[in-house]
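Take a look at this single chain, the form predicted alone, given in structure tokens.
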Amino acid sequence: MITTRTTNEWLLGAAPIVLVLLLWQGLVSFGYAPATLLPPPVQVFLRMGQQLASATFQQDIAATLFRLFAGFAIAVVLGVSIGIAAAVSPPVNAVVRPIVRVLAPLPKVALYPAFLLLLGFNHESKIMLVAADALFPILLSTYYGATIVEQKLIWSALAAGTPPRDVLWKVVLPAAMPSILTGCRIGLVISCIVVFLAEMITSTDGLGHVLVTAARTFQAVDMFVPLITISLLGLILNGLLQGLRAYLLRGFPSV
């Protein structure tokens, strides 16, 4: 039963992708879009296979993943720590709440020029932009998950002899884990988008740089390759995070 359900989920998830590819091929085959601007998908995937065998393209992927993982890791550590602290400490909540209200709606890409001036054009500015964008979904999800923990769970732990300082790690954090992981999934998607955008703006390597270089030289096929690559990387990373979520929440009623 579980295998059948998983297969059906995979088929339903793959159907929209297949439809997009068919629509893409149809637009090219029936002449609605010139091949010089919208190359056939087969040509793009063949070129992607060639690029994946290239050491230069592999280095670009590695640079993008390094910035993505570094920024996402910073966002997870800060988001979970601040979210938990704000949920259990009224003074911290009083300080964090107005900051979140002001900064959360702000497009973080508007801060990128300041990051460039402060941190330079290397990895640091791009990592900081990724961290700034992914931080707030994780922080807010953590705060929400920690605040809705049932008080009777905390009372039961205290009644069972759990020291008050251990209640946070043994009760609050595990109970908030579903909400935290949901925020992490949102933050991961945002990280994929933002790191690509940052590399398009200022970078000498990475998938975003590959796209901009191809666009400047009117290489349509090479322009689509990094787009599909970052999409596949995001799909793989999301699947890995979903697997981690299923493992961590295996004792919960539903995942």
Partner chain sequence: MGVTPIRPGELAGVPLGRRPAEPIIEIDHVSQVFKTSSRRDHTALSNISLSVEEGAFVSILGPSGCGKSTLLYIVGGFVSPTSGTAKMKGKPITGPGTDRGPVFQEFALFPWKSVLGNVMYGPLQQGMNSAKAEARALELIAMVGLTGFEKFYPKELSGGMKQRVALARTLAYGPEVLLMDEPFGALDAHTRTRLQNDLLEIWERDRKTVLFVTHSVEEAVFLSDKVVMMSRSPGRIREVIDIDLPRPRRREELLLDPRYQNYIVEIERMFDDSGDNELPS
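Bear in mind that the values here come from a model prediction, so they are computed numbers and not experimental data. Residue numbers count along the first chain shown, from 1.
Another form, the form predicted together with the partner chain, is not on view; read the next lines as being about it.
Of the residues Ile74, Val92, Leu103, Ala175, just one reaches the partner chain in the predicted complex with a heavy atom at 4.5 Å or closer; this is Ala175. When you look in the predicted complex, the only residue of Leu118, Ala159, Ile99, Ile148 with a non-hydrogen atom within 4.5 Å of the partner chain is Ala159. Although the partner is absent here, Val171 is a contact residue: one of its heavy atoms lies within 4.5 angstroms of the partner chain in the predicted complex. Using a 4.5 angstroms threshold between heavy atoms, Leu153 counts as touching the partner chain in the predicted complex. Interface membership of Pro163, defined by any non-hydrogen atom within 4.5 Å of the partner chain in the predicted complex, is confirmed. Only one of 118-126, 163-171, 138-146, 78-86 places residue heavy atoms within 4.5 angstroms of the partner chain in the predicted complex, namely 163-171. Looking at 231-251, the residues that come within 4.5 Å of the partner chain in the predicted complex, counting any heavy atom, are Arg250, Gly251.
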